[in-house]
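So this first bit is one chain, no partners, the form predicted on its own, shown in structure tokens.
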């Protein structure tokens, strides 16, 4: 396509922003930014019963937190507004009327019971269930009779018989569908609102969207939408269907995998840069393996490297990108993230041992507080050292003060221990953990008497 790249994200405000939908928004945003195009946010809120203002508010917060800014949308306006489908009814009605006048759509009076019975009979006959065209050829009198009984019709698109729908999917390549496999489908609901197939397609065309990225569960929707656009003589966008996001076990992401929404990850303390670095590698092969700043990501986004296979979300990988992000943050940024007034020296000391905000609390307790009960391995190290070692540690501490180098030298002479046999029980006694930040710096930061108290407790209680 020679026209500028225009992409969109079109969520329904019926719940939290799922990580899979966030990835779709992210890829669409990257494509627009890479090409110097435009990114549109459109709200598909025709499901009146489930759409809620609080979900929309949260959606805007989540997208903003991820840094996915939009050029057109419900809050910023633009030349193709309105950007909420609930406000586009007049536009849809005009197109419905055009289709009816051309004989390409018709009212359907079948009830839910009628449709279920029809599907059951088709399955019993070994046929795939699809709309049987019951109302397609009703006369004016037959329609009037049904309306006199209070039946409210839906509006169905009359699928052309024996048509072949072809398109080149931006991810899956050439696609071909037969209209014989598709039943006449609903484009206007009984309550007069536009159905997804319809509003989604015509809004993309009217807003000038050139590239639509979405999950491959929508691939079979595409021939229906293309038939609609062709009937209305509206421009076809390019469609690309990426593999779905699944859990580490290969099944669709759900609550049993843990957090699934952007807001849940944010509340747990994950950083947006970490999430974006992980999403960039899920269903997309980047030309850079290492951490990328969000501003650099569009340059490394490769649309022709989007994947067909399902992409596995693995929180262990997200934690890796979280660590990488933290190492690039200043002490001031980490202090804000922690919601702490800790000193720069303390933050620089623990930054390699903290992944999420709760991880900082145990290290703060090391300086002046109660340590958590020892684990099995830590208790073994304390027991192996014995009370004599810690009595010697108390004496060495009295002699050396907070000078860790002098403390270990004196303790080595008094106890005869060296290497790991010296340092490991010291670390566990002072911090409660077998691994962590540099001991010398921790000892310097401890409040007076804290180290002595901990040595004494092990000298007495083993």
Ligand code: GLU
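Residue numbers count along the first chain shown, from 1. No experiment lies behind these values; they were computed from the predicted model shown.
As for the form predicted in complex with this ligand, it is not shown, yet the points below apply to it.
My question is simply whether residue 98 lines the interface with this ligand in the model of the complex - judged by any non-hydrogen atom within 4.5 Å. Output for residue 98 is no: heavy atoms all beyond 4.5 Å of this ligand.
Any of the heavy atoms of residue 218 lying within 4.5 Å of this ligand in the model of the complex? Yes, residue 218 sits close enough to this ligand in the model of the complex that at least one of its heavy atoms falls within 4.5 Å.
This ligand contact in the model of the complex: residue 20, any heavy atom under 4.5 Å: Although this ligand is absent here, residue 20 would stay clear of it in the model of the complex, with no heavy atoms inside 4.5 Å.
Taking heavy atoms only, is residue 421 within 4.5 angstroms of this ligand in the model of the complex? Taking the distances in the model of the complex, the answer for residue 421 is no, it never comes within 4.5 Å of this ligand.
Please pick out the stretch from 309-317, 100-108, 193-201, 177-185 that is in contact with this ligand in the model of the complex, where contact means heavy atoms within 4.5 Å. Within 4.5 Å of the partner lies stretch 193-201.
Which one, 224, 284, 156, 214, lies within 4.5 Å of this ligand in the model of the complex by heavy atoms? The residue from 224, 284, 156, 214 that makes the contact is 214.
Contacting member of 444, 12, 450, 16, with respect to this ligand in the model of the complex [4.5 Å, heavy atom]: Checked against the cut-off, the match is 12.
So which residues in 24-53, when you check this ligand in the model of the complex, have a heavy atom no farther than 4.5 Å from it? Only 44 sits within 4.5 Å of the partner.
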